[in-house]
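In the form predicted on its own, a lone chain appears below as structure tokens.
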């Protein structure tokens, strides 16, 4: 064996995988990762100093689950906490297996984790409006009998919510579990599917604190029937959510007014950004219910490189959607900087 060559020892499903690349690039304005530009916990961090770091954290995150349960009007045993939504997606696929079905383009981790675990995965293209193609999805449900269906709504990277009636048709037809991933729900006018969980035992909902200002904490949670949660909990690693994240999340959730203020500010800036982009010749933004805007343009990769040279990092989505970039909504100052740089890069500066 050549030194450093271990590929022949790995599972076949792993050999063709590439590590997920979370790009870290020096830039003046970072608008590529759908993070909140606001830092709501700065004034409360001193309250975390008394956490005993020599002790393991609460394995079930009981206080955090109680708080979330109270907010969402569900029972604590209908919640499973995870180290971000990614970990919970991993646990769902371990617990229920494949085939795994999802529309495309969507959040890449559904496919990546399925591949890593050696499970069959099927991507069904969205329709021309980036909504679920009901006919094709229902045909795939009938043909492949998926154990899991993932539906990200609002969807990343397109930003739109899927039609509720289309989601429910899939829930009603599927024999497996349908997971509605609501990572961006706080920014949406859609109230989400949590109130419907009691009516559809084969539906689960994913939520996260990452998009509303707590990305560093890595706190995600799965909501669903307590029997479903119990099965997924069987594969959860012990102490998966550290004590600092639990305590910081509790402090953050107690300051709902600040969170709501930041979410409202981001939604307002999203509207302004859309109007600015829509007014630019050659820039075609898509309506968004998330904290980002997808837009298409000629030669998106060249524009992406020009923006980097201007000190702005956005996300090049051309691998999923032809000639498309995705920009996260930042502060008004960051957004102004982006708009001016975009005008200059496209030769349309006033």
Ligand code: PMP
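Numbering follows the first chain given and starts at 1. Predicted, not measured: the structure shown is a model, and the values here were computed from it.
A second form of this protein, the form predicted together with the ligand, is not displayed here; the remarks below concern that form.
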property	result
Residue (of 152, 185, 114, 158) lying close to the ligand in the model of the complex, criterion heavy atoms within 4.5 Å	152
Listed residue that, although the ligand is not shown, lies within 4.5 Å of it in the model of the complex (heavy atoms), from 84, 105, 76, 98	84
Proximity to the ligand in the model of the complex (heavy atom, within 4.5 Å), stretch among 170-178, 276-284, 244-252, 106-114	106-114
Distance check, residue 211 to the ligand in the model of the complex, heavy atom within 4.5 Å	yes
4.5 Å heavy atom contact, residue 262 and the ligand in the model of the complex	no
Partner proximity in the model of the complex: residue 218 to the ligand, non-hydrogen atom cutoff 4.5 Å	yes
